[in-house]
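Coming up is one lone chain in structure tokens, specifically the form predicted on its own.
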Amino acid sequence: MSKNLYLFAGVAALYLLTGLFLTSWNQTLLILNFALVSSIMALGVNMQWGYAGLFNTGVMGFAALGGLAVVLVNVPPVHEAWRIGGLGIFGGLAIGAATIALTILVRGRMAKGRARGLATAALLIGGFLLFRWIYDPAVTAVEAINPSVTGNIGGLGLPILLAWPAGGLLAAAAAWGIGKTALGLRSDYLAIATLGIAEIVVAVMKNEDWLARGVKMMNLQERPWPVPFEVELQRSPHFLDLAASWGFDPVSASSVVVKLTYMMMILVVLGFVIWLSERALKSPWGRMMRAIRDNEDAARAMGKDVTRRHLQIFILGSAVIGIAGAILTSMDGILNPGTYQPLRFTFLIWVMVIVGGSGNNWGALLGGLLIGWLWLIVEALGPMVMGAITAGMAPGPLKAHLIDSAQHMRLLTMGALLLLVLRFSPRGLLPEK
């Protein structure tokens, strides 16, 4: 217990020193909120890997689905788009889904042979042509409606706070579909499959403008209750008087208050996830999951349905990642599919779990806070440090190369830290008991 307290106190000291000496409190709170959201994602990955040994490299895809849920829930519907092409789009998608379901049904009922192959080909080709015939004109019509502002069907126009659980549900639904097809694969093939599916999810979000404007980006209409906009605070006489009495600049103070409010809401979600995770881990269900992780054959011999349990934990972990993705999008106030990169939304989350200690929820939290801080602080301080290192060097190609390489210092830092942890604490800073 003392080791845990010392490690968390050390991470807290890093954030305090950052606010006092390295950057502003506004920037420090930005880093902290980023780290807290990343910690929720790390807890989701820890459920899948630490509890059940499932190697999911598709974290990016589930986070992107959480962000997409924010748009689908919060943005008001574009009534003209629904009138012109909404029925065609969803009718085409329904035909595509029905084609796949009918093909599976026919293949299951027909004996192997040439007839089954011909029937499968006919169903798939015919269904695909019918799908494109209905779907393409509807998409073209929707995307032509005021494309500089909308060009999409919009969402439900509901409060954005409802999008957080909706993000978890959307990610869970996708995890169910992926799990039903990919969980029977060996661990390395499962990693390849989840990575490929995550890339497909992001590619669809980039290219299907009718859904969420694609790479044109989608601005959100509101913030979660009770998070105000900075402009609203700056127009409040009471807030201006309070900021002046404390000697703060109103612009900076409003930004700090907004980030503090977000932080409190994120902490509520994070605390709830940790509480549920700890109860699940210490329950008979959690012990069963660890037994399956350690020896699938022995667990199967004891009558446990390993595939079903793997599907359960895969869905739960993906739902947690989806909730974190929704929180991140609502906090940013914009959905940009181009920002979903494997380095940020898969590799970095896995580093958090490995450094913190897989199988330990508090280890995942510690890793999220530590790596989240390091990821952003090195980006901010890298050019400054490199400038100090090269200050005494004569101008030339070497100095220019070193200065240009400063932006990659955080990748070097991540790699060095990961090597140090794996060398001196292979099971993480807070290993599983």
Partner chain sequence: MDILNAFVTFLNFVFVPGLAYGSQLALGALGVTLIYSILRFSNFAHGDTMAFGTMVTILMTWLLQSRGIGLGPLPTALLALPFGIAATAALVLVTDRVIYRFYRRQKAAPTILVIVSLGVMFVMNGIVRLIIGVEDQNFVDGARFLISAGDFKAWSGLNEGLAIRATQAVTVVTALATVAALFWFLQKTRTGKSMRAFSDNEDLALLSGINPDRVVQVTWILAAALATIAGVLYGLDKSFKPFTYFQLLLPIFAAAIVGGIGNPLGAIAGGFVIAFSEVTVTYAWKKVVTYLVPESLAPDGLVQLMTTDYKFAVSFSILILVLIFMPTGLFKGKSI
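Numbering follows the first chain given and starts at 1. If you're wondering where the values come from, they're calculated on a predicted model, not measured in any experiment. We call the rigid core the largest set of C-alpha positions that still match within 1.5 Å between the two forms.
Beyond the structure shown, there is the form predicted in complex with the partner chain, which is absent from this document and is the topic of what follows.
The shortest heavy atom separation between Y189 and the partner chain in the model of the complex is within 4.5 Å. The partner chain in the model of the complex is not approached by A12, whose heavy atoms all lie more than 4.5 angstroms from it. In the model of the complex, no heavy atom of K399 sits within 4.5 Å of the partner chain. When the partner chain is considered in the model of the complex, F239 lies well away from it, no heavy atom lying within 4.5 Å. Stretch 128 to 136 is the answer when you ask which of 128 to 136, 259 to 267, 279 to 287, 157 to 165 has residues with heavy atoms within 4.5 Å of the partner chain in the model of the complex. Only one of the listed residues (R235, R300, R83, R107) places a non-hydrogen atom within 4.5 angstroms of the partner chain in the model of the complex, and that residue is R107. Annotation for 313 to 347: interface residues with the partner chain in the model of the complex are P342, L343, F347 [heavy atom within 4.5 Å]. Comparing the forms between this form and the one not shown, the C-alpha position of F21 differs by less than 2 angstroms, with the core used for superposition. Relative to the superposed rigid core, the position of the CA of V11 differs between this form and the one not shown by less than 2 Å. The Cα position of M384 differs by less than 2 Å between this form and the one not shown after fitting on the rigid core.
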